[in-house]
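Consider the single chain below, provided in structure tokens and representing the form predicted on its own.
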Amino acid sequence: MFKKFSPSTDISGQTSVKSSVQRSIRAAVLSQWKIDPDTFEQIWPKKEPITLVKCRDHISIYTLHGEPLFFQHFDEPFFPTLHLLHKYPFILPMVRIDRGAIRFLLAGAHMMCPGMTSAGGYLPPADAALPAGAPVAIHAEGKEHAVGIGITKLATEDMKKINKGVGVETVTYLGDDLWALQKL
């Protein structure tokens, strides 16, 4: 999504978000992420206005004082930026890929099921299974922080059973143009 993203050509406009829309965004983010309201208050204080940055391909980036906090594609769920995920690693559920898949992830590829079901990979247990379409933090074997953010294409239990094809579609990853973007 952000493989070839250039702010000078891909941003079509910036607007302040109305307070009523901010309330609905805040409620949607709190329902989608595993985060308590007090922690979210630290990330985005209630009295601080956010800015909507409209980009190509119907991507909306929400910024606070020019710093990207989270983004959305069409009406998909809200995704935090990797910078925000590194500060608050518990806000998204985690999947882990094995060492062999790291180079493919850092090139922007989607994550295949065998990379998450092998010895170095990790999928949540059955009691914490994730449905298809859930946003996840992609961690790598032997690394402390998330290296990507994606959306599950299959339920995690189906990934374990089928063990073929794309399991997580990569949305943003370490080293893409959103990662390089510090301020808008």
Partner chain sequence: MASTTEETAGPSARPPIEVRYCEVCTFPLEYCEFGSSFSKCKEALLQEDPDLYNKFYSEEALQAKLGTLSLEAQSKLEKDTAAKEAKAEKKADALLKKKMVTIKRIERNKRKFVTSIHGLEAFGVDLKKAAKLFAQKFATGASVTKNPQGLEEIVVQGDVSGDIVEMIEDQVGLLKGVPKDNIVEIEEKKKKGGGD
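A quick note: this is a predicted structure, and the numbers were derived from the prediction, not measured. Numbering follows the first chain given and starts at 1.
Keep in mind that the form predicted in complex with the partner chain is missing from the display, and what follows is about it.
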{"item": "Contact label in the predicted complex: T39 to the partner chain, heavy atom within 4.5 Å", "value": "yes"}
{"item": "Contact label in the predicted complex: H86 to the partner chain, heavy atom within 4.5 Å", "value": "yes"}
{"item": "4.5 angstroms heavy atom contact with the partner chain in the predicted complex for I25", "value": "no"}
{"item": "Contact of A146 with the partner chain in the predicted complex (heavy atom, 4.5 Å)", "value": "yes"}
{"item": "Listed residue that, although the partner chain is not shown, lies within 4.5 Å of it in the predicted complex (heavy atoms), from G133, P49, P124, G120", "value": "G120"}
{"item": "Neighbours of the partner chain in the predicted complex among 99 to 122 [non-hydrogen atom within 4.5 angstroms]", "value": "R99, G100, I102, R103, L106, A119, G120"}
